[in-house]
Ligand SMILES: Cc1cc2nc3c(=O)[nH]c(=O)nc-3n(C[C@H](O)[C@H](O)[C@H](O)COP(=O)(O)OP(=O)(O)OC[C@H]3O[C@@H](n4cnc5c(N)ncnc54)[C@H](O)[C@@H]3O)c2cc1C
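Just one chain is shown here, as structure tokens, and it is the form predicted on its own.
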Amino acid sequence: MITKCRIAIVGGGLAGTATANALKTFGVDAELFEAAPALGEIGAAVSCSPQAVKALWGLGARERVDAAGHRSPGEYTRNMQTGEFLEFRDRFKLAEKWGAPYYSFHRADLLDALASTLLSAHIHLGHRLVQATQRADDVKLVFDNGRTVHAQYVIGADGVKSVLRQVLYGDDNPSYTGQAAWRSLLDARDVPEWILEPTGQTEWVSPGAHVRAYYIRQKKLVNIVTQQDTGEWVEESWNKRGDPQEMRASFANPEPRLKALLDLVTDCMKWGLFARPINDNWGNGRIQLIGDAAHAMVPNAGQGACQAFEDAYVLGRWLSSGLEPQEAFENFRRVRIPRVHGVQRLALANLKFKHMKDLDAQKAALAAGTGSMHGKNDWLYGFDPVAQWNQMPVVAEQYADPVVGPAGSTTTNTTTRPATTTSPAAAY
């Protein structure tokens, strides 16, 4: 079976459905192709900071998004072994400053909110992409169900193992970061309130590891997600079952709150964290990559999904701007790549801080205001995708792309996008 469409979005996860919403909202024809037999997100929770909430609001699903979100008051950071208070990040103040809340979602709830606004006739399930060929006047997409689609333009939202990225760049796989993660969901009724007091969101940090726990689904569930340095290879998989005993053993001598929380875990998942090098390989010609397909990053700035939502909104605006789609893609990359590069570097820096081996140095950094990413990054949270979608981003100097200046000198620049490549694994 051979069909034609103007714009094909490959991938029906959060990035793909957000983009489909953006294009629908801005009057751009698109068809969504998803491998699974039903739209559904694997994974437990996703956090969304104010600037990304603004992007979601701009997609035309504000009421559904707000209904699905749990508003986070803020996060307490404690020492994992002693329980000593280290830092409080007030997200109500953050929301007040930037005009949008900080939400936590169950991933499935957010996906449902985004998918519910789309026309079912434009969603094609059971379409796993196996081959793509970029040609002079279209892109030929071949799916494992035997269907062939000729799309004039393609948006690749097909995740960290993107087929479209391989088509464009060959063996350009994400690299293992040396980080392993665990996740678990608990019924909030089973979790004593004192464990997550006083805000319902706590992060425990120790040398080489951290654990976060917080409410989602209007305080009906508690999401637990962890991260630790490891010398062993761990497979990249969102749905590989883990051993709760092994999970507990990963965090030595936890303080009473954390121990009580981990003791409640009876079911968990384990996976390895992979990230893409910081580079400009986001697409060319008739194919544009977004989200993890373009810029998978370590999850230490809470920005993986957020940047995908920004991508969706900004790309939708460019495609509806009157430019030819390929020119719109080029402008999208021009304004998005410098910002996302900065976020990728921020996530790497924040991981280093969380896993510092020297606890005294960690506390000193916090006291000096140089440790945590939160509260200092106006360039990150202050971005307004609705008002600034076509503007070159401002990026803090320490995270900006390096630019080779006159006579070979190296400077930083927030408005020029060079072709940079930095391996995420090199940051550890």
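Residue indices: 1-based, along the sequence shown. Computed from a prediction, not measured in an experiment: that's the story for all the values here.
This protein has a second form, the form predicted together with the named molecule, left out of what is shown; the following refers to that one.
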Exercise for the section: Heavy atom within 4.5 Å of the named molecule in the predicted bound form: which of 254, 242, 101, 159 fits that? Just give me the one. Expected result: 159
Fill in the blank from the handout: The one residue among 191, 139, 181, 94 placing a heavy atom within 4.5 Å of the named molecule in the predicted bound form is 181
Fill in the blank from the handout: Exactly one listed stretch (127 to 135, 145 to 153, 336 to 344, 77 to 85) reaches within 4.5 angstroms of the named molecule in the predicted bound form by non-hydrogen atoms, and it is 127 to 135
Problem - Contact of residue 310 with the named molecule in the predicted bound form (heavy atom, 4.5 Å) - result: no
Exercise for the section: Verify the contact flag for residue 118: yes if a non-hydrogen atom of it lies within 4.5 Å of a non-hydrogen atom of the named molecule in the predicted bound form, no if not. Expected result: no
Problem - Contact flag, residue 291 vs the named molecule in the predicted bound form, heavy atom cut 4.5 Å - result: yes
Exercise for the section: Check whether residue 34 has any heavy atom within 4.5 Å of a heavy atom of the named molecule in the predicted bound form, and answer yes or no. Expected result: yes
Fill in the blank from the handout: Checked 265 to 287 against the named molecule in the predicted bound form; residues with a heavy atom within 4.5 Å, sequence order, are 271, 273
